[in-house]
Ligand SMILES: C[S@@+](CC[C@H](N)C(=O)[O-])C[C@H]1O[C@@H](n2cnc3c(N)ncnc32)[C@H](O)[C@@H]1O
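Encoded as structure tokens, the following chain is the form predicted on its own, with no partner shown.
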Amino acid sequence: MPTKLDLSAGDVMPLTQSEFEQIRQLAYKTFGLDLKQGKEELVSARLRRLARAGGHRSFQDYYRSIVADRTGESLLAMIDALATNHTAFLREPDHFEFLRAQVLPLLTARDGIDLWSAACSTGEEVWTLAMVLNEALAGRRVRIAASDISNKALAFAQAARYPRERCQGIPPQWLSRYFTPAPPPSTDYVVVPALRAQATFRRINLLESCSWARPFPVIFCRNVMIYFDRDTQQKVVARLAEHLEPGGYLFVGHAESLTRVEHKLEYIRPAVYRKPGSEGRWNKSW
């Protein structure tokens, strides 16, 4: 007589608490994700397909295969599966209004502007920034460095193609100027080539050091630190601050107050911080 532990061909045994703990520690160590107790079902649901595809009968075997994979591809696949990529065009719109009205006027002496979208997810933030900058700085050079830890999200962002329903919050004049309809019968919209040329994409783990040609006057890193514990948040904020110019602005998500994190940035307004330094330097044209 079959028991509850009998599995059909190719199935994976239920996730145990010890297996969850192993995966939790691996996710925290490699990319800072804080999988608290209670996330067992989420982890099981998101990783079961990968475990099954690898021919593993248990999450223990799946975990061992990740650790043994010297290419790192299995770890990246796990990250892609666990990473949450919820975003939207013009999400938290007051950030973009503050950028347009208060920050960009300080940069008008420059020939162009470089920004970093440090957790760009599927790209909606990148293209929103591009549209805001092109509207406010018409004719100026615009370059947006976009990064994320998820290869899957980066591929979607680079494709720059979005279902109609995800574009509903874009002002009609922007939609007609910066997007083109995909060939029928699709109802998707595609970002125009001129805008796509202003963004470059790169996979970056915010827990690891990275290098840029020069510091940025503006960095957006929103709605990713809510998944980190306080120590990890502190490390990430410190790394981001290293890549800000003196006087530069860091935008975080509205659910990501830095009041419990040690840092040297000045509080400007909710979810907006500034690196101390002379704004006069911003007159420099790069």
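Worth saying up front: this structure is predicted, and the values here are computed from it rather than measured. For every residue, the number given is its place in the sequence shown, counted from 1.
Missing here is the form predicted together with this ligand; even so, the following discussion is about that form.
Contact between Leu133 and this ligand in the predicted bound form is not found at the 4.5 Å heavy atom cutoff. Among heavy atoms of Gln198, none comes within 4.5 Å of this ligand in the predicted bound form.
Interface residue remark: Leu129 is not counted as part of the site for this ligand in the predicted bound form, having no heavy atom within 4.5 Å.
In the predicted bound form, at least one heavy atom of Leu207 sits within 4.5 Å of a heavy atom of this ligand. Interface residue among Leu99, Ile144, Ala83, Leu137, judged by heavy atoms within 4.5 Å of this ligand in the predicted bound form: Ala83. Comment: 116-124 is the region of 167-175, 186-194, 211-219, 116-124 lying near this ligand in the predicted bound form, near meaning a non-hydrogen atom within 4.5 Å. Each of Arg91, Val224 and Phe228 comes within 4.5 Å of this ligand in the predicted bound form, counting any heavy atom.
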